[in-house]
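Below sits a lone chain in C-alpha cells, taken as the form predicted alone.
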C-alpha cells in the first residue's frame, strides 16, 4: 500500500521504542523516558512536535504513577500539550493507545506519544496496603491466600480435565517461546530452555512450574502515533497501521471465573450467555479491522502462564475449543508455522511491567510487520494481533496491518 492510499480514518505507527525488561530497581520514569526517546528517534520526530501524551498508569509507584501522562510530559519537558492517564491493570497500555488514537481520529492532534513503564516489587504483584472487605483483589490475598499463580494453576488444571492437556504441553509452550525470546534484545530472560529444564523446575501452583509462570519485571515501551495526513507529510511508505482496537468489558451473565474474583454471575433464570468475555475481546477487534483469524500472520498473546497461552489460541479463533494442544504439537504456533504466537518470547521472556506490556506487544507487531525483527522474524508478516486482559473486566486487543 502506498502512502497516498492510507485511509483518512487510519492511524499510523511512526515510531516504537522500549527499555529492556529486567529488575533494575530504579525510578519507573527513567525507563519511560528511554522508551519515549527511542520511539521519537525511530519516528524521526522531535519532542517539540508531539501534541498529546497518553500514559499507562501504575499503582505501585506513588502519585507519579497514578498520573503517568503528566509525569512523562514533565520528565520530557513541559510544552503545554494535553495529556491523559489510563489505568486498566494489564490492559492499561491499550487504553492509552485508544486514548491517543481517538484524539488523532477526532482531529485534535496528529502526533501523539503513548507510553507505559513500571518498577515492580519482588515476588507476587499484590494489592496496595489499606484494602478492605469491599475489594475482591485485597480479599483474595488476605482471605483466601489466592495469589496470581493460584489462578493460573486452576486454569491449567481446567484444561487438563476438559481437553486432555498435559504438563508436557505447558512445558513445550515455554520451550517454544524461550527459543525466540533468547534472540530478543529487549527481553529479560534471553535464554532458550529445554523441555527437561522446564520440567525439572520447582512446582509453584500445581501443575505449573517456576519456568512456566511469568515474573514481575521493570520495563517500558512507547509509541509515536500519527494521522494519515501526517504520515504522508513524513513520507512514510506503507507504515504499520492500527486498524482495530478492542477495550471491551464482560457481558452479563459472566459465568466464567476471572481473576481476582472468587465467584461468578449466576446464569440460572436468565438467557443463555453469549460469547465468553475472552472470546469477545478479539471478536471486537476483528470486526473493527475487517479481518478474521484466518488473516493473521502472527499474534502476541498474554501468557501469564504457559498454560494460558493455549487458552488464547482458542479465544482468538486460531482453532476450535479443545484443539489448542494439537495446534501447539503440530508446530503451527512456532516460528515458521501457520501463525506464530509470541515471537517476541512473550511474558515468559519479559515478565510483567504492567502498564508497558500491552504497548510492548504492539511494538513487537510493528517490528515484525516492518521486517525488522531479526532472528525472530515472521516471514512476510502483514497482519498481526495482540490480546490481553486486565483485572476487573478490562479487555485489550489491537490489530495492526501493513
Partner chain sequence: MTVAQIATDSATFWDMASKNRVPAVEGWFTMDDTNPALIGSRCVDSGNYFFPKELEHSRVPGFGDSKLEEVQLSRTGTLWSWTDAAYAPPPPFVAQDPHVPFAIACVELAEEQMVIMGQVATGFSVEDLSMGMEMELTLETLYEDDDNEYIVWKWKPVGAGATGGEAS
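Residue numbers count along the first chain shown, from 1. What you see is a predicted model; the values in this text were computed from it and never measured.
The protein also exists as the form predicted together with its partner chain; that form is not presented, and the subsequent description refers to it.
Q: Where does its partner chain sit in the predicted complex: which of 111 to 119, 190 to 198, 145 to 153, 279 to 287, heavy atoms within 4.5 Å?
A: Stretch 145 to 153 is the one.
Q: Spell out, yes or no, whether the shortest heavy atom distance between residue 229 and its partner chain in the predicted complex is within 4.5 Å.
A: Close contact is absent here: in the predicted complex, residue 229 is far from its partner chain, nothing within 4.5 Å, heavy atoms only.
Q: Going by a heavy atom distance of 4.5 Å, is residue 245 a contact of its partner chain in the predicted complex?
A: Contact with its partner chain, no.
Q: Residue 234 near its partner chain in the predicted complex, any heavy atom under 4.5 Å?
A: Contact with its partner chain, no.
Q: Quick one: does residue 326 come within 4.5 Å of its partner chain in the predicted complex, counting heavy atoms only?
A: Residue 326: no contact with its partner chain in the predicted complex.
Q: Are there residues in 241 to 276 with a heavy atom within 4.5 Å of its partner chain in the predicted complex, and which are they, in order?
A: Residues within 4.5 Å: 252, 257, 262, 263, 264, 265, 266, 267, 268, 269, 270, 272.
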